[in-house]
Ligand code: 3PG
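Single chain ahead, by itself, as structure tokens, in the form predicted on its own.
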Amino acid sequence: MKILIATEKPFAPVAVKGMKEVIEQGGHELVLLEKGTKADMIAAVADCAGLIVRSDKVDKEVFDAAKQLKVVVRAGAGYDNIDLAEATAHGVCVMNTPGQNANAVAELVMGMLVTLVRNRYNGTSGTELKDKTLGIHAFGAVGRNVARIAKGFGMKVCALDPWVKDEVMIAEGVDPVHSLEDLYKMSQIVSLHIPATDETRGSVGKGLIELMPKGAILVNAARKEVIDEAGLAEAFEARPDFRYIADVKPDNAAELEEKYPERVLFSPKKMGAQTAEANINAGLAAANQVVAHLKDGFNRFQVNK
């Protein structure tokens, strides 16, 4: 059977080499499409049983064209680029590769945070992270890595996640919090790690930011859709002490950078998973999951029903 790797942002050559070995050892044929268009993907996937993507869109048009498709794996944690309802309607299993990019994203969070609090190393006096309280909004694989690194800085760490038991957080030296309001009230810095869902889109805005202590910093290495951008702009206007870091530029980034150049820090594109190690880890995990699914129906990381 054919397995298509379709990536607008290609995997590193060493990752592709490893994925090819996994796929061929599983008795399948690799089809590689790098920097292709949507039309290229639709043409290439027509006779494929498996599909591996990164941030590439997999929608109804793709599923309609993929008559033999059985499994799609998103090499990464987020999967809002895949139409899960259409996948289910077409009988296709969709999986992600949770945890493979987690350390890379966490290191970026802390790196951008240090850069901002030290005023981009412009020669002026900044502040330290030690003894500051960091609130982690969702304590999944990335959140746990952020907590681990933040504790190394001597930060106090708390977290909110209704799916994680208190004892799990406590065992990792993290204080469990049970309401959004409390998380934002007690945290000088909040790091977002929630997915973009119907419940979370636009859920973080002025109301929550207003609750944060003086000198508040919000860090978003998740999805830009979880931010209420109008509310974010209002928070900047209302709070001269508020700062914002994002691994994905908001739609109003140009306006914010013009008005508040010292109070925002944006990466030029989503950079969280852009390390050699994460690239290899996620790619190999995706290849192994596709092969396992085609062999015996492996679906441990399935995200659609």
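In this text, residue numbers run from 1 along the sequence as written. If you're wondering where the values come from, they're calculated on a predicted model, not measured in any experiment.
Another form, the form predicted in complex with this ligand, is not on view; read the next lines as being about it.
Contact with this ligand in the predicted bound form, judged as any non-hydrogen atom within 4.5 angstroms, is confined among 74-82, 128-136, 226-234, 173-181 to 74-82. When this ligand is considered in the predicted bound form, K9 lines it closely, a heavy atom lying within 4.5 Å. Put simply, S55 is close to this ligand in the predicted bound form: some heavy atom of it is within 4.5 Å. Contact between R239 and this ligand in the predicted bound form is not found at the 4.5 Å heavy atom cutoff.
Taking the partner from elsewhere, K270 is found to have a heavy atom lying within 4.5 Å of this ligand in the predicted bound form.
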